[in-house]
Ligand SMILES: Cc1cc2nc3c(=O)[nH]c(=O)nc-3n(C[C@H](O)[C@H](O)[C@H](O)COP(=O)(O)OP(=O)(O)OC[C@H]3O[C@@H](n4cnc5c(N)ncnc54)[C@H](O)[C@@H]3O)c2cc1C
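Consider the single chain below, provided in structure tokens and representing the form predicted alone.
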Amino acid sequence: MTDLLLDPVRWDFGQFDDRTAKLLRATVDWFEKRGKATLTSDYHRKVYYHDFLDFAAREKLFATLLTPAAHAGGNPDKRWDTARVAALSEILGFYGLNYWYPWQVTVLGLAPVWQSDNESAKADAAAALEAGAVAAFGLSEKEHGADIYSTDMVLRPDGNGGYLATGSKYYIGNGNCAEIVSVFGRIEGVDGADGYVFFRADANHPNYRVVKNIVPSQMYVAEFALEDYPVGDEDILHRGAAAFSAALNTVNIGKFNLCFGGVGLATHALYESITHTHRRILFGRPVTDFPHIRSGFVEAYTRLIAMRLFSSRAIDYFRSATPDDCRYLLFNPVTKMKVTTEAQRVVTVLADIVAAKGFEADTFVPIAKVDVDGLPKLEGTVAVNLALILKFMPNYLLAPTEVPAIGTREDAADDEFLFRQGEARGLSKVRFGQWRDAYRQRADLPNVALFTSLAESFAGLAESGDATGADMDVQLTIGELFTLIVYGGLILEQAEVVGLDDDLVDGIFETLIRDFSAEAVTLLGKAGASDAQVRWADEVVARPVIDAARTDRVWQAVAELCGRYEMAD
């Protein structure tokens, strides 16, 4: 069971080609040689991560992993391969979100470029990456957040066929140093969607002014201002509705990495917590002899395995997407909303277990405690993602159809479809297979069977029309319930792929039943819930099937993690 978690020192990354494996190994080795003392000290002293960016430039890390094959200049190692993008995201998250973050925002900043028809901009971006540059995504603004419909970045004609851009952007990672800055704005005097524009800028330009770092951390999350910044045709990436779609499609590509950052972060916290706690003696006995401590570790481990299973299986749907198969558009916000909030829960449980140890300056858990809360709030809040998830509910639950079977995708292929997703619309047309199939295959496990009955009941509520309503507060809870069904389905698919132990599968669904019942209780207490919703919620609150022997076997797997990974000072 323990091999299901990232073990950066022992893993050889053999599922990848040689160049990818060497890059991932070099990244791990760089962090390990720096050591835990430097990692934690730099975090608390808010030391900017120049050394990491220098390492990434030297190894051509971003250039190799984030340059699509079409712009690789014949380099066979360069491609946009979601499997290895996810692997690096997990590794960087493992060592801290401050190192994951410049990678994440480079992904976002590049996506509008790679989606565009501007070949010179693509060539320039590829060359900049090769030289060690990073990218930034200039969408958010102080007054409007990520509201694409509203932007105060205005381009006015300069009288010579070009434009002068004036305005500011806020919450822009890498905004202090990026040579590739994709900026969203509007053309002066052009109303509606026709006025939208994406253009490229450079943080080194004299008309680009970095105002400040808006966060108190190692990260540089910039406020920057453009003042009569010259924009020529060669700088325009997208115009009109295409610019709007490019913004949303960029988030589709980039938000996926948040789940892997959370998985990595929580994995490191688990290793540190079990090693400390299992070795600690209180009242003459190991702390892990106390039942509530064991229960907490089993829950944290079970949730973490579930996070990794769902996220790993979602990779396959991203990589296999076509214009006619866009199932990834559902699984994407689920990874963003559900997996990141699960990371919060895991770290919270671990922090409760280690107690005072979780405040010490030379440990990783306090870093995880602070940083994990940011993940669900990046690239859209939980509520935004739940609203998006709900758009897929009718087709997923009530109108399954014949769709292609999706296999495991670890092949060294370029995921070029991600940069030709097309118009950001038509979510109601996305089709799904029979969601019950994955559940039927594990109906022999008592908690899978019980959860399946709860899912069937929810599908009945949806079919009756009683799962809908005008009350947004209620709908968010409905969204949480639906998400659990989607989450469980992909977990079961990946459990089949990896041959997951029955104890863990049933334990995961014990947790999902508790979560489903908790959401049903929440629905019971909503002032805006309808009578039908209240009756349904009252009926589905369920106790999972408890198996003490199974739980103990899972605990033994957790205990085996003690000392398995310890970052040297």
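One rule holds for the numbers: they count along the sequence shown, beginning at 1. Computed from a prediction, not measured in an experiment: that's the story for all the values here.
Omitted here: the form predicted together with this ligand. The next part is about that form.
Visitor: Does Gly173 reach this ligand in the model of the complex if we count a contact as any heavy atom within 4.5 Å?
Guide: Heavy-atom contact with this ligand at 4.5 Å: present for Gly173.
Visitor: Does any heavy atom of Ala83 come within 4.5 Å of a heavy atom of this ligand in the model of the complex?
Guide: Because no heavy atom of Ala83 falls inside 4.5 Å of this ligand in the model of the complex, the answer is no.
Visitor: Using 4.5 Å between non-hydrogen atoms, is Phe137 touching this ligand in the model of the complex?
Guide: So Phe137 counts as contacting this ligand.
Visitor: So in the model of the complex, is this ligand close enough to Met472 to count as touching (4.5 Å, heavy atoms)?
Guide: Yes, contact at 4.5 Å.
Visitor: For this ligand, considered in the model of the complex: do all three of Gly145, Thr381 and Val384 come within 4.5 Å of it, counting heavy atoms only?
Guide: Every residue of the spot touches this ligand in the model of the complex.
Visitor: Answer with one of Tyr487, Phe94, Tyr301, Tyr101: the residue that has a non-hydrogen atom within 4.5 Å of this ligand in the model of the complex.
Guide: Answer to the contact question: Tyr101.
Visitor: Consider the chain as shown here, without its partner, and state which of Lys377, His292, Lys429, Arg420 has a heavy atom within 4.5 Å of this ligand in the model of the complex.
Guide: Selected residue: Lys377.
Visitor: Choose from 433 to 441, 347 to 355, 236 to 244, 145 to 153 the stretch whose residues reach within 4.5 Å of this ligand in the model of the complex, heavy atoms counted.
Guide: Flagged stretch: 145 to 153.
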